[in-house]
Ligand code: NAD
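So this first bit is one chain, no partners, the form predicted alone, shown in C-alpha cells.
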Amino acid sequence: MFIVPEREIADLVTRAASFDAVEKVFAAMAAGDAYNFPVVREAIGHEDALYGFKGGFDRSGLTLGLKAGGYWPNNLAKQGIINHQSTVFLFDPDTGRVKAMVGGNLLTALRTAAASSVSIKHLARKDAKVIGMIGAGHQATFQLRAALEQRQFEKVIGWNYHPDMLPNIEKVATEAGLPFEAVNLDAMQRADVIISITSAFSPSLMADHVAPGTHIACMGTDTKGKQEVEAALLARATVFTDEVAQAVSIGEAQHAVAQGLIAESDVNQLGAVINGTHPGRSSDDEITLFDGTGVGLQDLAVAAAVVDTAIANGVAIEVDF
C-alpha cells in the first residue's frame, strides 16, 4: 500500500490536472461507465461535526475507493487547522486489496473548484465578463482561481455573510489583475457567472438577484437541509448536476423537488453536455444552474492521479499492509 501524506499533495497536483480528471469522470458517469455509491453523511453529535463517506467505481479508469471525512466547524478557531478534513482510500478492483491512502483536504478543495469550472466551461456564455462570488471562505479562493481560467473575466464582485472575510477573494482577484467590488445581493444582477460556496441552511441568492443569461454554480449544498439559493431560481433555470440522485436528495434540487417546482427528470447530468448528448445552453438569455453536490468519483479520480505522480516522484510511502 502507498501512503501520500497531505503535506506532499500541493507539489503533486495542479488545477489543470484536477480539471481534466473531473471532466473525464463526469463524462464517464453520463456514459454509464462509472457510478457513485450511496452517500453516508451524518451529524455525529460531537463538536457540531458532519461526518461521512463518498465512494464509487469507475470501470473505464478502473478506480475503486472512498473518501472519509467531513466538516468540523470549530477546527480553525480551536485547533488552527481547516474545518474540512478528509482522507481518500483507493482499492484494487481486481482483488479488493487496499492500494493507497491519500490526504484529502487539498484534493477536496481542488476537485470542488474543478467541478464548478467544468460547468463554467460548458454552460456559461462565451462573452461572460463579470463573475460574482457568494461566500469568501477557504474554498471560495480555490473556486475563484479555477473559474477565472475559463473565461476572459474583467471584474469580480462578491458578497459574504461576514463581510470581513471578503479580502480573501479580493486578494485572488488582485493577483489576477482584476478589480474587485464588495456588493449587496441585488447587485448580483450584474454578474454573468455566479458561484455560491457557503455552508448555509437558508437561501441567500434569490431568483430576483439573477439576470437572464447567467450561469450559477451552487457548490455548498451537500447535506439534507442545506440551501444556498431560492428554490424558485431552479424553476427559472435549466438545471445540471454531477449526480442526479444526489442533487434531488442532498443538493439544491432537494428543495425545488420537494416544493413541486421541478421534477427529478428536469435535472440533467453535466457529463451529458461534455459527451455531446445534451446541447447544454440553448440561448444567451437562458439561465443555467449547476448543482454541485460533490461525488466520490471526483475524489477518486484526482487521488489516483496524485498516487501515480507521487510514485513517479519517489515521495509515496510504501508499507506492508
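The first residue of the sequence shown is number 1, and the count goes up from there. No experiment lies behind these values; they were computed from the predicted model shown.
The protein also exists as the form predicted in complex with this ligand; that form is not presented, and the subsequent description refers to it.
Could you tell me which one of Lys226, Arg145, Arg125, Lys99 places a heavy atom within 4.5 Å of this ligand in the predicted complex?
The option sitting close enough to the partner is Lys226.
Considering Gln85, Ser204, Asn75, Gln150, which brings a non-hydrogen atom within 4.5 Å of this ligand in the predicted complex?
By the 4.5 Å heavy-atom cutoff, the listed residue in contact is Ser204.
This ligand in the predicted complex: within 4.5 Å of a heavy atom of each of Ala140, Met165 and Gly294?
Yes.
Partner absent here, but in the predicted complex, which of 87 to 95, 175 to 183, 229 to 237, 156 to 164 has residues with a heavy atom within 4.5 Å of this ligand?
Going through the listed ranges, the match is 156 to 164.
Taking this ligand as it sits in the predicted complex, is Ser199 near enough to touch it, meaning that at least one heavy atom pair lies within 4.5 angstroms?
So Ser199 counts as contacting this ligand.
Using a 4.5 angstroms cut-off on non-hydrogen atoms, would Met219 count as touching this ligand in the predicted complex?
Yes.
Within a 4.5 Å heavy atom cut-off, is Thr214 in contact with this ligand in the predicted complex?
Thr214: no, not in contact with this ligand in the predicted complex.
Is Thr241 close enough to touch this ligand in the predicted complex, meaning at least one heavy atom pair within 4.5 Å?
Result no; Thr241 lies far from this ligand in the predicted complex.
Can you name the residues of 296 to 321 that have a heavy atom within 4.5 Å of this ligand in the predicted complex?
Residues within 4.5 Å: none in this stretch.
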